[in-house]
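A single chain, nothing else alongside it, follows as structure tokens in the form predicted alone.
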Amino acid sequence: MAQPDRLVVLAGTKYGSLPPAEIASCADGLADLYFLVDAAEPDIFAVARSLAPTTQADFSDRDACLDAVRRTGATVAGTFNDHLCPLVAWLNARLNGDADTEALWGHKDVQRQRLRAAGLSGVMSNRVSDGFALRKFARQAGFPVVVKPTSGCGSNEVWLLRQEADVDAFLARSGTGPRQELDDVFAEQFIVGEPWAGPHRADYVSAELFRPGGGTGAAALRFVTDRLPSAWPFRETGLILPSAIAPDRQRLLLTTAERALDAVGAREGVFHVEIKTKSPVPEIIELNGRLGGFVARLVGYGTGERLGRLALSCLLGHAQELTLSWDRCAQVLLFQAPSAAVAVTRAPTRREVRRMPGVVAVDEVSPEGTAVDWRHGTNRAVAWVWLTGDGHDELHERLVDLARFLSDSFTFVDADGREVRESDWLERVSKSPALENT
């Protein structure tokens, strides 16, 4: 009887797209699972070791991680944490005896170059070494400009520079004068898209692609995930499934995502591609080498299927197919603090949020006194709430009710102690859906 493949999954923080318990459950009967946990995350280690054989390592020491993986006898490494994708790619290149393979995860600048070379992007971009280089790029590209870490994730420290004053603010907040070096900073033109699924949704989506490899070239599953409008500047506020975008446009988005993955050599595994919904050709925002955050749980609420098992199969290079049949619509709301806020001064209870129509789970509610900072990105939302509805219209009604409740129940103050609110986002999500495809 053939022995199951051995798989090592690297876990670094709680912000993974699949939690350790779900990984272990989905691996049952599919792979001989081991966890490798960052030594800086003792809480994650405690959870992982109760589920499968687990080892700790210093994730800043790649050679130590490689030794730990080899000791398990694993054939492949994987992860569901965005910031660990570069390390996993490096490990797999050496496990496969191909140490010269370039790992593009964590190199947004190189990804953009590959996309431009393949004719898949017209966005100007460049790494900027100091304030002078940033100002020069902004003059050449024209405002607005996006500045981000080349290896960043979760919208952490992503800035939107709309004018020279914003450049001054960025350099001042980063503690960098014009002649001082900028570390790991990447600048590119800001892309404006079109909200194809109605005025209450964002002008971008994500494509989720499951590519088992094995020389077939075909995806085992691919689908589009809709988004709510971002909180300033690029903090995510929600994901929605299934997509309400018309089927022909979904096919265009998915084909664009497939071509982008081919351009960067990402042919086997699970991928999350963020795309601006432009006409006539969509524009890639970024490529990620792991299962999209929140996606597996949304699929579970809406279809009852478990994406985790398919994701693990793709990491192992096994061809499996899965068809999603949607019984209801599902959404996660990531309620963000106003961009000027520094602290929560009043908050609802988890029980109050749970009582709102359509709410099926409440993961986070930040209590009074919690410090907030928009620069920390998406994952520092003050409330994480999961909703379902029998259709897109009902789901939208429930979203609006919940968003208004949270807007009234939370209060925030700025650095001067003054109460701050933002109404633009609430007004945007409250607009009539005008769905193209129900």
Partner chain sequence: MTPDDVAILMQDLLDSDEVAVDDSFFDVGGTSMTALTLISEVQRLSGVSLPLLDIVRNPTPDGIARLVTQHRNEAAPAQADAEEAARQ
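Here the structure is a predicted model, which means the values were calculated and not measured. Numbering follows the first chain given and starts at 1.
The form predicted together with the partner chain is left out here; the points below concern that form.
Only one of the listed residues (Ser60, Ser407, Thr370, Ser50) places a non-hydrogen atom within 4.5 angstroms of the partner chain in the predicted complex, and that residue is Ser50. The partner is absent here, but in the predicted complex a heavy atom of Arg350, alone among Arg350, Arg346, Arg251, Arg173, sits within 4.5 Å of the partner chain.
Not one of Arg112, Asp183 and Lys278 comes within 4.5 Å of the partner chain in the predicted complex, counting any heavy atom. At the 4.5 Å threshold, heavy atoms of Lys148 stay clear of the partner chain in the predicted complex, well away from it.
Ala21 belongs to the set of residues with a heavy atom inside 4.5 Å of the partner chain in the predicted complex.
Put simply, Glu194 is far from the partner chain in the predicted complex: not one heavy atom of it is within 4.5 Å. Interface residue remark: Arg162 is not counted as part of the site for the partner chain in the predicted complex, having no heavy atom within 4.5 Å. Proximity to the partner chain in the predicted complex, taken as heavy atoms within 4.5 Å, picks out 352-360 from the listed stretches 201-209, 229-237, 352-360, 315-323.
Contacts to the partner chain in the predicted complex (heavy atom within 4.5 Å) from stretch 25-55: Ser25, Asp28, Asp43, Ala46, Val47, Ser50, Leu51.
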